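Quick setup: one chain, the form predicted on its own, written in structure tokens, and binding and motion questions come after.
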Amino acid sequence: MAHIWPIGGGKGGSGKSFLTSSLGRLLAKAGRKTLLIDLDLGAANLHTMVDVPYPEKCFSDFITKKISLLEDTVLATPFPNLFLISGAHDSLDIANLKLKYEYIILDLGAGTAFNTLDFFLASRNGIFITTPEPTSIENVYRLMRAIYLRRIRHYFSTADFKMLEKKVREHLGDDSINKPENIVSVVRKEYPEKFALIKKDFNSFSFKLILNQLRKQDNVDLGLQICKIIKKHLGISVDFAGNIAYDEHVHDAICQRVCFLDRYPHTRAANDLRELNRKMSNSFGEQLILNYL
């Protein structure tokens, strides 16, 4: 049995790998056997964050059958209880993972590719991360919208979804199809049984939002405001988990290939990370996500 934490953001530079490695380090330090999986396919860099500069094996070796078992692609890190599967250019079906860890944290790629959306939806405990910049906020909103649309599509066959799209355009115009609230309004009216299932489905998700690189001049309530906007326009409940303060030492730690939490444990950012880990462990810790046994 494993608890899965997918971490997604709208674009590169939001801090997904930094958050993944930091949470993994904190869980491992607490004695939790933790596996980090770099799913930023084609742009993998998580190994650098956990001081594995030259991964000798990765997903590609399993996909190409150079390694027969997926668990044999797992790499040890210098940190006790912390393990890594390095990224590759190939996709992976998360539902087929048979890895025995207490926590598995997925560092997802940027953007809204279908494999990114499906990896995020592999768990009920998805974590979104953004920075205070408007472009980053817009991109994480697009990611949430794409995830919502992807999940709605799960309830329709290809033919039925095309019919749904046609009805949305007929009722609300050609430009309305990319807005989940418009699709949901038509589903509620035309497909009430599916609407009930979709509503129940999304109520079972426990999404979190983290605001990274918050500077002194930034609005500390920005994350809460983003969650309210998402609820209003998408109907998705996202809990604001907290802020991570901007700290120039993060760049230094990454360049030096050392753990930020170990090198700078008394900084505001380090305290923020420890508090986030505590909150999410308490929130997610008792929820059974997927059974891999």
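Computed from a predicted structure; not experimentally measured. We number the residues from 1 along the sequence you see.
As for the form predicted in complex with a small molecule, it is not shown, yet the points below apply to it.
With the partner omitted here, the residue from A241, V250, C58, A44 that has a non-hydrogen atom within 4.5 angstroms of the small molecule in the model of the complex is V250. The contact with the small molecule in the model of the complex, taken as any heavy atom within 4.5 Å, belongs to A245 out of A245, V258, L70, V52. No residue of the trio H3, L82 and S281 has any heavy atom within 4.5 Å of the small molecule in the model of the complex. Figure note: of the listed segments 223-231, 250-258, 23-31, 59-67, the one touching the small molecule in the model of the complex, with heavy atoms no more than 4.5 Å away, is 250-258. Using a 4.5 angstroms limit between non-hydrogen atoms, N277 is distant from the small molecule in the model of the complex.
Interface membership of N212, defined by any non-hydrogen atom within 4.5 Å of the small molecule in the model of the complex, is confirmed.
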